[in-house]
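So this first bit is one chain, no partners, the form predicted on its own, shown in structure tokens.
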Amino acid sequence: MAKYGKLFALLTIAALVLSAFAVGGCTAPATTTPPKTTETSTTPPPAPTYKLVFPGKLTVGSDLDFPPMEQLNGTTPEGFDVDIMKAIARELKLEINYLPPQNFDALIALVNGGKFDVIASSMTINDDRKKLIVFSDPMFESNQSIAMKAGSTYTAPADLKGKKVGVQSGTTGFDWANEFLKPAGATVVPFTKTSQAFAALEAGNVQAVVNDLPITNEIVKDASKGLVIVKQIPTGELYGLGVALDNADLATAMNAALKTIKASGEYKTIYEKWIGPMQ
């Protein structure tokens, strides 16, 4: 019995071992799920659809004779509009490129002729101009004004009867003077530059100047000129940036940039630097 007992025990152990291998062979091998990875898109942003005179540059045409909006400090453009344009160019990832001063009344023809990309010259948005260029969203509000030598009085257009009134040609001030002062007997004298009109006023060659209020405010601050504002004219004009009729996408891109700098507070900082506290 002992001999057969040992044999039985060995057979039992062998059966158990084979059973274990059989069970193990039927079990699916453990698998490791690879961690999920976040793929970074390599798709480049869409290329701008607007046109530029010089690739990579936002080229600006301006009168550069309208402080504190735009003027030259030596040969360097500066002012409210200049800082706004620099901020817009930065948002569009473009280099700012100001051309030498242009005549205001030629700006629309020049931008449509491809001389520069954008007009940034305190240009009032109106229906006549909207037929010729595409404007950005409004970026500044202004009224008109009448300046005269200190000691002068003005109560109504009739007070300028028989007198010469200087105004920059091609401006809304020029239109206002012709509409309201010329019928009252004033002679409207056009000048290419605002500074020329005020120089004529100082010299006594004209007796009044019609001009945008923020600019006239800046000019009469210099007491040595002996000039004062005798009338503020509430025209409620809105300045905008202008682009060629066939380049409307540039206006759209600048509008987006303008919204960004307004939302960030940069617009307010620029305004208060050049104009004064925002109300």
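Since the structure is predicted, the reported quantities are computational estimates derived from the model, not experimental observations. Numbers follow the displayed sequence, beginning with 1.
Keep in mind that the form predicted in complex with a small molecule is not shown, yet the notes after this line are about it.
- 4.5 Å heavy atom contact, residue 172 and the small molecule in the predicted bound form: Result yes; residue 172 sits at the interface with the small molecule in the predicted bound form.
- Could you tell me if residue 104 has a non-hydrogen atom within 4.5 Å of the small molecule in the predicted bound form? Within the cut-off, so yes.
- Task: Answer yes if any heavy atom of residue 182 is within 4.5 Å of a heavy atom of the small molecule in the predicted bound form; otherwise answer no.
- Result: Contact with the small molecule, no.
- Applying a 4.5 Å heavy atom distance criterion, does residue 121 contact the small molecule in the predicted bound form? Yes, residue 121 sits close enough to the small molecule in the predicted bound form that at least one of its heavy atoms falls within 4.5 Å.
- Note which of 90, 149, 164, 129 lies within 4.5 Å of the small molecule in the predicted bound form, where distance is taken over heavy atoms; exactly one does. Checked against the cut-off, the match is 129.
- Go through 217-225, 51-59, 235-243, 250-258 and give me the stretch that gets within 4.5 Å of the small molecule in the predicted bound form, heavy atoms only. It is 235-243 that comes within 4.5 Å of the partner.
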